[in-house]
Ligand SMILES: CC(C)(COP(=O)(O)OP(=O)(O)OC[C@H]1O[C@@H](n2cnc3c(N)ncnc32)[C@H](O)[C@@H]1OP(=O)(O)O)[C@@H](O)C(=O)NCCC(=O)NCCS
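Below you will find one chain, with nothing else, as structure tokens; this is the form predicted alone, and questions on how it binds or moves follow later.
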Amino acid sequence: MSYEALRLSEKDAFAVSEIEKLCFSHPWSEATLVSEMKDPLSDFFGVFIEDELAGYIGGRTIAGETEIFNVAVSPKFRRKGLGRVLIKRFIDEARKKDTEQIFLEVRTSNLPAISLYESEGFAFCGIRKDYYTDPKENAILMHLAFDGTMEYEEWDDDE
């Protein structure tokens, strides 16, 4: 089955907040999501399955750099390739904005997400010590440069 990532707006904030609650130890509130979705620098996309939001991605572009805030797929819709659909759509939109690079953080233990990001061209570019809480964990900073100028190192989970 083929899925499409559609642009989300503040009317979708409640559904996004419900996915946040299922996926993150510190979910964004509906009010925060509405505010961010109204920001003209931000983009949010989601995949719907039978009229239910199954997953979403959100981020912001400023001065040629894009940051992905969150990528989340509801547990009941995982293993369908939705994360890849969301990442590809977000990358396509960033390219349209002449973004030079995209950054994201991911938990060091989230190996499926790391593998997905690497398969879409992202590479390790740093560690943020104790970035996450509940549980406390380092974040891997990943980067996708459209001009190919950034050199990458290998990451070591023991760092």
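From 1 onward, residues are counted along the sequence shown. The model shown is predicted, which means the values in this text are computed figures rather than measured ones.
Note that the form predicted together with the ligand isn't included here; everything after this is about it.
The ligand in the predicted complex is approached by Asn70, whose closest heavy atom lies within 4.5 angstroms of it.
Contact check for Glu100: every heavy atom lies farther than 4.5 Å from the ligand in the predicted complex.
Using a 4.5 angstroms threshold between heavy atoms, Glu36 stays clear of the ligand in the predicted complex. Taking the partner from elsewhere, Tyr117 is found to have a heavy atom lying within 4.5 Å of the ligand in the predicted complex. Contact with the ligand, judged by heavy atoms within 4.5 Å in the predicted complex, is confined among 109-117, 28-36, 42-50, 122-130 to 109-117. For the options Ala145, Cys23, Ala15, Ala139, the one in contact with the ligand in the predicted complex, meaning a heavy atom within 4.5 Å, is Cys23. In the predicted complex, the ligand lies within 4.5 angstroms of at least one heavy atom of each of the following residues of 81-101: Gly81, Leu82, Gly83, Arg84, in sequence order.
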